[in-house]
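Structure 1 and structure 2, given next as structure tokens, are two forms of the same protein chain, each shown alone.
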Structure 1
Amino acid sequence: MSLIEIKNLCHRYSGQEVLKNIDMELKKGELLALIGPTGAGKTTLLRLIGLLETPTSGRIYFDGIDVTASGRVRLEIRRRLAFVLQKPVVFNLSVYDNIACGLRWRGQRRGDIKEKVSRILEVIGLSATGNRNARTLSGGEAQRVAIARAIIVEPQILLLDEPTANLDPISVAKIEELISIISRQYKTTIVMATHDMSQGQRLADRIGVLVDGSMVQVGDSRQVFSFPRNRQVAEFVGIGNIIDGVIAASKAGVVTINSGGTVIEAISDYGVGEAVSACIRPEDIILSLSKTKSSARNSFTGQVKEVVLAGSLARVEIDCGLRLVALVTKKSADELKLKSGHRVCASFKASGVHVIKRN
């Protein structure tokens, strides 16, 4: 049985529908990342799961118990939840007292509190700051304290709303490590809303994509990022090449897609005449100075329009009758002497093309 089950969940604010027919399940010990554009409904869904609001319609089940309406049951379940906000909330107390407050509210013994707080301070890497006022901490340190305060009461479910927003890379890495420890060692079930898609890939067992209040896809990172269900997902997760066309031929599972006279071969079971979009990730496109023998069924020669460097990678835009974007290492770009106006060959395998049906 799933720990959390959501059925046909809808929610409105002032008559405006912000969540639409959400169906979702979450297993014990699972880490689910919610991704989606700003305003997609991620925080609202967290607040509904956290029982901070009551949905307009639909049902939420915890361990098979319907908690949608019953105030008594909701209060009982809420004690098994912890919620950490995007902007860390710390009290005007020492770091130690901030973390210990939940245990004190639950009437635990002083000796037990001291042992647990000391242990969690080690986990979050702030053992030397126990006596320091929490409001003098950096944003990343304060967020670690907020997470420690949430996890020390051993919640069954931890809800995180953009836990690394507006933090520097070092702080982000430390908080991601802390989330991994909580998931792995404490076996806590976690639902995390994040604007950072790569963070979801790194941390989550599964990813849910929210767009315009609808859960448009749920799956592991490979399913979501390599096999998007529709164009909305494909555009959001950064499929750099989405090419519209019509299937002109099909044989033994290999289809020919005609896009304005340019032909792309792909693996698909869609039939001839079907209006589709061919999705090719930029990192699946291989660049060379001339056509070479390979197993790639798709090969196009074109002119480099733009090369944009980003760290150790280079984003290359090519005009070859259709627009293609490739992602290669900076070293490869240097070796190929890629510059605007140069000719280049772009190739990719039929198996590297994900075909989606156009609405």
Structure 2
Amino acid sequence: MSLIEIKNLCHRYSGQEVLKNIDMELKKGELLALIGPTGAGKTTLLRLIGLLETPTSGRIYFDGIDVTASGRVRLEIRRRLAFVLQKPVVFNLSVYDNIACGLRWRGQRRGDIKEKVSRILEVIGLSATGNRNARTLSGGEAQRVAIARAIIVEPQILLLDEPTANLDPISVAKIEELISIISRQYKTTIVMATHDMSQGQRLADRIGVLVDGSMVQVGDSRQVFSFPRNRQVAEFVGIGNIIDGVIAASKAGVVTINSGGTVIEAISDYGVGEAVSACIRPEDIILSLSKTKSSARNSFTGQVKEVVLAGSLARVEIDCGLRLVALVTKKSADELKLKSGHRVCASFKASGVHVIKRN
């Protein structure tokens, strides 16, 4: 049975619909990442699961218990979860007291609390600051305290709202490691909202994409990043090339998509006349100086418009009737002497094209 079950959840803030008919299930021990543009409703969904707010309509079940019903159950359930808010705030108390409060509220013994707090202070590398007022911590330190005081209660469910926002890469790596330990070793069920898609990819078992209050797609990272369900998801996960067209022909699973006169071949079941978008990941496009005899069904010659270097990669924009963006290694960009104005051939396989229906 799933640990959390969400049914037809809707939420409004002063009349404005923020969450629309969310259906979702979470198994015990699973790590779900919520991604989506700003204002999509990630925080709101977490607040509803965290019982900080009551939904306008719909139901949330924990272990089969309906928690939308109020009263004693809610406190009991709240004590089985912990929630790290998007903006970490600390109480105007010592770091020690900040971390200890969840344990005290659960009535744990003084000695146990002391032991647990000192252990976790060590884990987050703040042992020396235990007696300091938490308000004097830096942003990143406060963030670590916020995470520590949530995980110290050993929750069954941990809710994290952008736990690594505004942190430097080393702190991000540390916190990601911590999250992955909690998930793997303690089998804690985690729901984590994040802006950072690669973080979702690294940590999550499944990814949920929220757009405008709707859960547009839930799936593992391969499904979400390679086979986005619709144009919004494709745009959000940064597919790079999204080409609108109409299916002109279909034969044995291979379709021909006409996009303003240019023809792309792809693998798809959609029928002739269907309005679709062809999604091609920039790293799936191969560049060469002349047309090669490869297995790639799609091959276009055009002019390089722009080359932008990013680390060891080069992002190349090509105008070949279609505007295509390709991602190649800097080394191959050098070998091909890619420069704006040069002519180049871009090719990609029919199987590298993900076709989605437009509505």
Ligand SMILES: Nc1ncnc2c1ncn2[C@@H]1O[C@H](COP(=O)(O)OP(=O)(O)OP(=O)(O)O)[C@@H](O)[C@H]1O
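As the structure is a prediction and not an experimental result, all values here were calculated from the model. One-based numbering along structure 1's sequence throughout. We call the rigid core the largest set of C-alpha positions that still match within 1.5 Å between the two forms.
Participant: The form predicted in complex with the ligand: 1 or 2?
Facilitator: Structure 2 is the matching one, since it is the form predicted in complex with the ligand.
Participant: Quick one: degrees of rotation for the smaller rigid part between the two structures, relative to the bigger part?
Facilitator: Domain rotation angle comes out at 15 degrees.
Participant: After superposition on the rigid core, what is the displacement of the C-alpha atom of R109 between the two structures, in Å?
Facilitator: Its alpha carbon moves by 3.7 Å.
Participant: Looking at V95, what is the CA displacement between the two structures after core superposition, in angstrom?
Facilitator: Its C-alpha shift, to one decimal, is 5.0 Å.
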